[in-house]
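Take a look at the structure tokens below, where one protein chain is shown in two forms, each on its own, as structure 1 and structure 2.
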Structure 1
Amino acid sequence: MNNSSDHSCFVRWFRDSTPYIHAHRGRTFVVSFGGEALTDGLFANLVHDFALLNSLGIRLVLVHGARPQVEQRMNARGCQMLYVGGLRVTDAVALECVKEAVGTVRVEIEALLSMGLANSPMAGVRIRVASGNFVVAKPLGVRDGVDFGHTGEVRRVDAEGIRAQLNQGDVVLLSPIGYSPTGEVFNLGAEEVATSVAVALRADKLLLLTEQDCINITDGRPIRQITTDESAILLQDKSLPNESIPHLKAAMNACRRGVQRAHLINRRIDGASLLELFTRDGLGTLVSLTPFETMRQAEIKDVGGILELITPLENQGILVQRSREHLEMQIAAYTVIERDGMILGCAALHAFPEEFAGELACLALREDYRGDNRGERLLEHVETKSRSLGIKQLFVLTTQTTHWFREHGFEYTDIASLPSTRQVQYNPQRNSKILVKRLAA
């Protein structure tokens, strides 16, 4: 970083990431990646990114795959993995290869996570990695006459055991194998393990690192956000590249079973997970049960997010000061826009029922989310709520936003037209303009 423009870029970027850092701290993320990730030069960077997430207080469970490493060992023995109906058949030789490959891959990941060289991004980092028999498996058995041997499926996840490790600040590293109460080892799919673990932990996010972007074949464009219902339609339409199908299925299932958000992220883009998690629009595909941005009634848990949103505006004199206690007491009056765990906007409606009047207050949006009609949508929401309460006149007191309100149907009025209890609270020093909008029934 040589000049002042680099400095200001860095400062701006770092500040912009603050709300995401707040939103993600203490959350549980399960990340899965295929064995392919270990086979190119990007893997060390990916591990550094995991270390960074861990340092930022994110509770991390990593689930690795090992397919290329298993296939390499099979080929060396002159064998090939057999697939029937898209499922692997794991015979005794294949199981040996799985155990060898998984062991080697795990050791390599642990080694990278242990790195702390002074001249590397991992300098001073001390990450403890916990692996273990957290996944209980059962055999797939014989299906349509085919014996799948040591191929298994997840029977149970020891969520309590994993949580205990996460509570100590450890990164949990899981392999695509499971153990049965009979003492056998089963070959599992990394995505199935990741999904089952994310569901069992009720994780906040499942990050599926993929080998390519999730693109809709019909229009050739990357899918940025999608709900589980939309995913189901897309999977039926066959409008996805083959590689994306299992990932989107896993993401959809995880969200339907209680995981809040799943992200498909192209791991070939250096730093893709960081861009997805710490920038406004990310670059992966976000899958969620409900649309990922919602406008809803505020709850007590939103007070921190509202304060973070309005404090800079209070400091600029655009909004009046509101304490945490005030917000907690008045929370029922607030509506918020929430996006992926972050409060983007808010507005309050204070009703004066005897005078069929209401006051719109504390209308605010985060700076980087303005200009997309969210302000208008918040206003419409407050107007609808007002009408349902029999409010006929909606007032607003503002110092710097009069034109915005005038462009949205408000007209200037004077203090005498305010509800009487509100008149006595008017602060002449602030000298706010008073505007009113008459609401049609």
Structure 2
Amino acid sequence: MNNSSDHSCFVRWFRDSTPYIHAHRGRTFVVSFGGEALTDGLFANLVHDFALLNSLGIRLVLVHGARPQVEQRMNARGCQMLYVGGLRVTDAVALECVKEAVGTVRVEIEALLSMGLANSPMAGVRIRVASGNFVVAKPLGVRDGVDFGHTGEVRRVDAEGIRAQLNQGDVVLLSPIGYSPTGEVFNLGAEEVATSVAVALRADKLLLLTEQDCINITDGRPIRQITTDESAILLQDKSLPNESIPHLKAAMNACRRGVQRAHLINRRIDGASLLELFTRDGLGTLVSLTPFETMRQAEIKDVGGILELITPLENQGILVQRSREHLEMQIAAYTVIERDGMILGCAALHAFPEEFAGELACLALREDYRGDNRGERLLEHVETKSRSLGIKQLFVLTTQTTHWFREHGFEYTDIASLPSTRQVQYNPQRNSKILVKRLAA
């Protein structure tokens, strides 16, 4: 860092990440990544990030894949590779390649997690890695006439055994293989192992590191948040990239089976996991049972968040001063937009039923979130609520945002058009502009 600006950015980021550091400590995260991650120069940085998460008190279970390493060995032997429905048909030769590849990959990861070089992110780190036969599997069998051989599926997870290792502060490293009570070895999918382990442990998060962003097929932009129901609809679209399908399915299934949140993170972006976990907006795709950002009726517990939101605007003279006591008494009139526990926006509707009128007041958004039509959504919500109360016209008093209301159907009016009780309360010193919008039935 060479200047005060760099210092300020670092301090701000560090402070902003503090709530997440506290929130994640002691939580259980299951992280899945493919064998592709080991094939480029970014993997060492990824391991450094794992070490950092461990040092912050996060209980980590890592599940690695090994598909490219298996394919490399099969090509060297001149073996034919057969996939059906995205699953490898594992014959005896392929199983030997799986064993070799998985063993090599696991050792390489353990070696990187054992580093402690001075002048490196791993300096002073002491990480114990635990691996073992924690996943019990069974054969996939014959499906649609195809014998999948030694390809299997998860039958049971030894959650108690994994927890015992996590309780000792170990990082648990799992491979995409499982064992049967009869001593057989089965080739499994890393996403399935990660999902099954996350569900069995009742993990707080499942992180699926992908090779690309999960893209919105309509506009090509990354999807930042999606519910399980929305995921199910998206998975029916044939144009969804094949790379995204197994990860989105795994995330959806995990959340429907009790995992609080799942994250699809492009591992090609250096530090993407840290940005996803320690910033409010993240960098990946959040999958959850319920929406991450919601609009709802305000409650007493929201008063502090509303005050934090509106105080800077009050200081600038944009909003009228409101005390905590006033907000507590009027809280039923407020609607808020909440994102991961933070109030991003609010608006109030004060009704004058005798005159079939309502006042839209205290429409405010955090500066960093004045986008994605949040203001329009709040306005639409207030208008819908007004109609349900029989309100025929909605008015607003503003000093600095006249143009925005004009763009959304409000017209200039005068004080005489206000409800009589509101006319008495009008403050001529603020000289607020009065605008009104007639609401269609």
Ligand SMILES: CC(C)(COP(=O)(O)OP(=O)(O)OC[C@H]1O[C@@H](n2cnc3c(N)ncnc32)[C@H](O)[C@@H]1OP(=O)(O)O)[C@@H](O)C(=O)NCCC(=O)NCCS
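Just so we're on the same page, rigid core means the largest C-alpha set that superposes within 1.5 Å between forms. All residue numbers here refer to structure 1's sequence, counted from 1. These numbers were taken from a predicted model, which means no experiment stands behind them.
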When you get a sec, tell me if the form predicted in complex with the named molecule is 1 or 2. 1
Split the chain into its two rigid parts between structure 1 and structure 2 and indicate if Glu314 and Val136 go to the same one. no
Need one number: degrees of rotation of the smaller rigid part relative to the larger between structure 1 and structure 2. 38
When the rigid core is overlaid, by how much has the CA of Gly341 moved between structure 1 and structure 2, in Å to one decimal? 7.2
Where the rigid core has been superposed, how far does the Cα of Pro428 end up moving between structure 1 and structure 2, given in Å? 28.2
